[in-house]
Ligand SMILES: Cc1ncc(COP(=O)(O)O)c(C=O)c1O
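Shown below, as structure tokens, is a lone chain in the form predicted on its own; questions about how it binds or moves come after it.
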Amino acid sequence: MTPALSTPTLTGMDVITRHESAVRSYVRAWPIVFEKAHGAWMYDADGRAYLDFFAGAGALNYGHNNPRLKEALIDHLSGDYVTHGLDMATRTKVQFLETLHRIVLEPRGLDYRVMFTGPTGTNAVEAALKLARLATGRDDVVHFSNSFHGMSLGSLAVTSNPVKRAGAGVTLTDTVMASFDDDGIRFLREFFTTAEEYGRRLPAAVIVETVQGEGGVNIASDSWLRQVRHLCTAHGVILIVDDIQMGCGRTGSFFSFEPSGIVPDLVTLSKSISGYGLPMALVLLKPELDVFTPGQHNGTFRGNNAAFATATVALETYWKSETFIQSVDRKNSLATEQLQEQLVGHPDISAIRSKGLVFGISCTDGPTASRIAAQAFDTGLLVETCGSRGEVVKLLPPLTITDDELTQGLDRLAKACILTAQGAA
């Protein structure tokens, strides 16, 4: 009798390679199986620790498995409260809406209604674009060079990255791109003025990220943002601020646009609004733009009540006072000083950009940035690259990171930069 052949045991990475789609990306940069995570740390199946300066692409501003938020989630589940509720009224949704108004909107003098969309950021962007077009009766939306707003068709149309746009497989229309600089202001002024002079249609909206995360940590000045707001107001164009990655404190204030003093007509939020990394997205809209009829825009998972529960506790825990923001500002100063000391003058580094706890380390080219990120991984630090050519190393440490962890991570980054330079020599 011929003995049966044994099937080789597949490793975790073998399973991923064999069964997951080729579209996977982050697992290629970090080809290990992660098992646990807490705070600013992730641990692989062998117990090796990695400092996480990626933070779920900005979805984990309060760190992994934040104890206060985990307790709220466990209480919600163990209490048999509603988990899936579409847009039904639930106890948990009422608590979230009341808390958001009391702690975030009212103190800032913001009169916004809240629209719950599908569970991810691109769903919020799609809803905002539809609202702007429905409210104005116009089609075009202006976006900016190096912009990124999501991966569904409407969001891709206002995203400038050609590789991501090509993934649509169809022509993306009804958008106009302006430069993310002073030339963009001049373009908007001329576009709006000549459209009115010659009877052409104005755009429905302008959509902007105050800090372009995917685009390379490009930071709009407060003055620039005020000029965009002024032009939109003067010509009846709706201003949308995409705060999906840079909101919820990432730049040092709850909303990234606060220091400029502007009030957008529509604001999109996702990623860290749930606090725990649970799917949740919403649009904040001025009352006069609340023009959808019931059900005109919907989504099966727009009522993620577990996310409402953790979001409520995140707001109560971190946003009742200025203490949390003061800690973010202090950590920005600490990190910026250390980055300047360690990286200024490095042959592969051309610029360091920061706001709050987002940092962009601009390298000479994309391959160099990728090598630095790979070396960082080898030293036990998770970072990603961004920018139009992948030439920027982006740091998004949790806002709750300790000073010691922040210093450790930056030391590992500096070591990665040194090893990269040595390898190229």
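None of these values were measured; they are calculated from a predicted model. So that there is no doubt, residue numbering starts at 1 and follows the sequence shown.
What comes next is about the form predicted in complex with this ligand, which is not displayed.
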TL;DR on 167-175, 259-267, 289-297, 242-250: the one with heavy atoms within 4.5 Å of this ligand in the predicted complex is 242-250
Check: For E214, is any heavy atom within 4.5 Å of this ligand in the predicted complex, or not?
Finding: yes
Practice prompt. Spell out, yes or no, whether the shortest heavy atom distance between Y318 and this ligand in the predicted complex is within 4.5 Å.
Written response: no
Using heavy atoms and a 4.5 Å limit, would one call F254 a contact residue for this ligand in the predicted complex?
-> no
Is F192 close to this ligand in the predicted complex, meaning a heavy atom pair under 4.5 Å apart or at it? no
Contact with this ligand in the predicted complex, heavy atom within 4.5 Å, among Q227, S354, T120, N305 goes to T120
Exactly one of V125, I238, L284, V142 comes within 4.5 Å of this ligand in the predicted complex through a heavy atom, and that residue is V125
In sequence order, the residues of 271-289 that place a heavy atom within 4.5 Å of this ligand in the predicted complex are K271
